[in-house]
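Only one chain comes next, encoded as structure tokens, the form predicted alone.
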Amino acid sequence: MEKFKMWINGTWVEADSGRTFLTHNPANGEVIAEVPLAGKSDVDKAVAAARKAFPAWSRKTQEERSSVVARIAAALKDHKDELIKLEILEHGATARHAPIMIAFATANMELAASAARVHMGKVLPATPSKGAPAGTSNTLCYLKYEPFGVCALITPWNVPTLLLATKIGPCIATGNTCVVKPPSINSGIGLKLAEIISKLDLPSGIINFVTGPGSSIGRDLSTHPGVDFISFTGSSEVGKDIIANSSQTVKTLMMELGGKNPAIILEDADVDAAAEELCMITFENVGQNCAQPSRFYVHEKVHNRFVERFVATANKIKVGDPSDESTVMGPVVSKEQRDTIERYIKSAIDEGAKLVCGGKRPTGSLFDKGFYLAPTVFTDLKPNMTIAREEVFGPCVGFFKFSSDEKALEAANDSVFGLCASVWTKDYARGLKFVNELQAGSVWINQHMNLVAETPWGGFKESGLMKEGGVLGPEGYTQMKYVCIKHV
């Protein structure tokens, strides 16, 4: 077991209360880390440290700030083995998946360093004053991008290192300071990142880490008068609480919330290839990615064939020890999460869906202590079923039949969510009609969840506010000021 402290104002500290909590390996229930259980007084100290550091940090040149972010990216590379190990131990990421996420985190941090230099250097051309002679100008007008101030960065447990890097990089590159609240369930990963950053001799207070439950620490941050901006990734329910809490001080919000993402398979698609590819995407990270497809709309002409190939592929997925290189699907992140998923499975059966794959825990000594589930597939879904409307966030998906493009679009858009979607067809003109009509922040044709460091991310409707990361990453962490100077 590793014992961690919080990183506040350039110093390692315990929680004021002296209380701690434990994180566990979801593969076997063993304790991984002991971390401080922060309270409001700890949040106050972290916010005060960030606020004190903000003026000097925001006055640094963009080159200086971007250089710091580039150094953090380099440190992530240097410590990738430690981070990969913790992703496997504390999150349950597979040995296949964890290195991909750490590489993605590093790429996002590197991009933030360079993209911030481009974003912060934008200037509009001079414009003539009213009444000035043609061809002359005595007025300079430009748009100035400025940091918000102190940012609260609240990250999820499903891709812990990736989302920490995605938020910290553009946040500090553009001149903000921050208080980071990593997910409680794998806080060791967040504090390991703090440990890596602490060795870089950065200015005290620009990055602070506090650990504890979102129900208390998240509330303390979202109501705090010293916090100017909140970036949150997590469920829509928690996001709504943050929106309500932050409204009292009118904070700017960047929210990446839930998803219930449709994949639409037309009758002219490469059915076998699409079924196999979508199945592997669906059960990656045990279905614990907000971007994964969970509602499948398959044309009635190819529905049975698609489901048959999808289920056959699912039945071949190796569920097991995440540290085993051959494992495709490890455990879900916690007992509570498994219990939630099993309630959704029961509700689907009770409401009349047909279980065609999985639905149970794997058996055997390997699975006795961990939080495992088999890949689970339902058919015969109806639009009003719970499993058809709510985000499960686990290895459990369902299938619908459709007979026309119009009905498929209507059904796919019939959701409070609008994060992403995909269309599978050989007719690209037809596919683009779906792209234009689907109410989602990202839409793919003949692929799903294809993301690179340059990709901005965010959804429509209850899936969130603003776009985060990618080439737009620094923009979200700045506010725009119009400046007009008349020469006299």
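As the structure is a prediction and not an experimental result, all values here were calculated from the model. Numbering starts at 1 and follows the sequence shown.
Below, we refer to the form predicted together with ligand NAD, which is not included among the displayed structures.
Asks: Going by a heavy atom distance of 4.5 Å, is Ser184 a contact of ligand NAD in the predicted complex?
Replies: Contact with ligand NAD, yes.
Asks: At 4.5 Å between heavy atoms, is Leu163 in contact with ligand NAD in the predicted complex?
Replies: Yes - in the predicted complex, heavy atoms of Leu163 and ligand NAD come within 4.5 Å of each other.
Asks: With the partner left out here, check for me: in the predicted complex, does some heavy atom of Pro156 sit within 4.5 Å of ligand NAD?
Replies: It does: once ligand NAD is placed as it appears in the predicted complex, Pro156 has a heavy atom within 4.5 Å of it.
Asks: How about Thr139 - does it come within 4.5 Å of ligand NAD in the predicted complex, if we only consider non-hydrogen atoms?
Replies: The answer is no: Thr139 has no heavy atom within 4.5 Å of ligand NAD.
Asks: Which of these residues, Ser222, Thr376, Thr106, Ser294, gets a heavy atom within 4.5 Å of ligand NAD in the predicted complex?
Replies: Flagged contact: Ser222.
Asks: Which of these residues, Gly149, Pro362, Gly214, Gly359, gets a heavy atom within 4.5 Å of ligand NAD in the predicted complex?
Replies: When ligand NAD is considered in the predicted complex, the option within 4.5 Å is Gly214.
Asks: Using a 4.5 Å heavy atom cut-off, which of 231-239, 114-122, 338-346, 67-75 contacts ligand NAD in the predicted complex?
Replies: Only one stretch qualifies here: 231-239.
Asks: Can you list, in sequence order, the residues from 240-268 that come within 4.5 Å of ligand NAD in the predicted complex, counting heavy atoms only?
Replies: Asp241, Ile242, Glu256, Leu257, Gly258, Gly259 sit within 4.5 Å of the partner.
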